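Okay, so here's just one chain, in structure tokens, the form predicted on its own.
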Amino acid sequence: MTKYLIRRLIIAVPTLLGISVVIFVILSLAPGDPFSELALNPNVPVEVRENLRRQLGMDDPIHVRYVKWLTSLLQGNLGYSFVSRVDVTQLIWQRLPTTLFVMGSAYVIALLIAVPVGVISAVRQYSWLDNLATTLAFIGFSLPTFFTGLIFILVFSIYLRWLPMVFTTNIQATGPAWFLEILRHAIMPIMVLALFEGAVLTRYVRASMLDVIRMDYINVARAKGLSERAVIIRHGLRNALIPVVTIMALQIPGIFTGAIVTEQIFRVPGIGSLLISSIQLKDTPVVMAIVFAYAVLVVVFNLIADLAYGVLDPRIRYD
């Protein structure tokens, strides 16, 4: 497996390099100028605007700008925000904890929903429980998160007035009261993402479990006198989760990208809302850093999925 890991890491380098070139070229050719507002301001002389462009290297050829950006990236410097006037790394680190809290909580809840529901649905195939779970799962992943988010706001914020419709971290409280208030603000975006991801994972768990419980070794385990609970959990679920774990690893980058819409709906001050605002303000260094980070996540978690499959399934060999 070590040789396979080294080989995949070597392949990942030109892959990420090619992705960075594509992203950089697209963003460079996109219409718009971060200094367009300065051009409309009569109090800002043309010389000052041209000076800023020259200092930031915006008038250099595209290949020169890319080499400068790549060199800075390799040195751990993600650039300087045109709008916020601070390092991009600092901006991302300010928003990252909120995104990880919302996304991590949503994925944990999704797993707690998907695994038991998927197992029960498979074991009791075609029962009313299976039909109900299947129907709810289809509804869950058919509805986009922006639609579900608006429904949540309409019901819980406007009609019932139980929860705030806008997420905020500026809470004047300490200790348990602060945590409960943060949870109150975060519960709607967490549940919107959890229901969507839980519905998707439920379908995978059910399908995988249906394949496993028809295997011969399950019948052998029953013939040995093991209880149905032991057969399902120790022999069935353990093997059914092998493909599910790899799918989960592949879906984690999708959670971050899918959270962009959810963060906009609930005004969550996370990475997704930072990306949208940076696109609107033509803040290219921030957009480039976040989009490239998403690309890195996809490549890394694809590698993790492949390795996890080999670890969980002894039939897979990477030699």
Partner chain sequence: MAAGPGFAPAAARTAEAVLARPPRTLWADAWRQFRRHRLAMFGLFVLSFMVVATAFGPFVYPVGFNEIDMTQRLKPPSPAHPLGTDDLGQDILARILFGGRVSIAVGLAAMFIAVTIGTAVGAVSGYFGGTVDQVLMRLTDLFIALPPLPLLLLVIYLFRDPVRNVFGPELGIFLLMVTVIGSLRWMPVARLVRASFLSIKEKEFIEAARCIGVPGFRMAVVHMLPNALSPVIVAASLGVAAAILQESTLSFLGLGFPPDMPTWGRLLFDAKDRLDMAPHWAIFPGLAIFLTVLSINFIGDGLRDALDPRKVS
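Numbering follows the first chain given and starts at 1. Please read these numbers as outputs of a predicted model, since none were measured by experiment.
In what follows, reference is made to the form predicted together with its partner chain, a form of this protein that is not presented.
Handout entry: Selected contact from Val166, Leu154, Leu226, Leu73, since only one has a non-hydrogen atom within 4.5 angstroms of its partner chain in the predicted bound form
Key = After the contact test, the surviving option is Leu154.
Problem - Phe141, Leu250 and Ile260 all contacting its partner chain in the predicted bound form, non-hydrogen atom within 4.5 Å - result: Yes, because Phe141, Leu250 and Ile260 each have a heavy atom that approaches its partner chain to within 4.5 Å in the predicted bound form.
Practice task
Specify the contacting stretch among 93-101, 218-226, 112-120, 142-150, defined as having any heavy atom within 4.5 Å of its partner chain in the predicted bound form.
Solution key: Of the options given, it is 142-150.
Practice task
Flag Val268 as yes or no: does it have a non-hydrogen atom within 4.5 angstroms of any non-hydrogen atom of its partner chain in the predicted bound form?
Solution key: Judged by the heavy-atom cut-off of 4.5 Å, Val268 is well away from its partner chain in the predicted bound form.
Practice task
Answer yes if any heavy atom of Ile26 is within 4.5 Å of a heavy atom of its partner chain in the predicted bound form; otherwise answer no.
Solution key: It does: once its partner chain is placed as it appears in the predicted bound form, Ile26 has a heavy atom within 4.5 Å of it.
Problem - Close approach of Val298 to its partner chain in the predicted bound form, 4.5 Å, heavy atom - result: Contact check for Val298: yes, within 4.5 Å of its partner chain in the predicted bound form.
Problem - Any non-hydrogen atom of Tyr294 within 4.5 angstroms of its partner chain in the predicted bound form - result: Tyr294: contacts its partner chain in the predicted bound form.
Problem - Stretch 6-28 - residues with a heavy atom within 4.5 Å of its partner chain in the predicted bound form - result: Those in contact are Thr15, Gly18, Ile19, Val22, Ile23, Ile26, Leu27.
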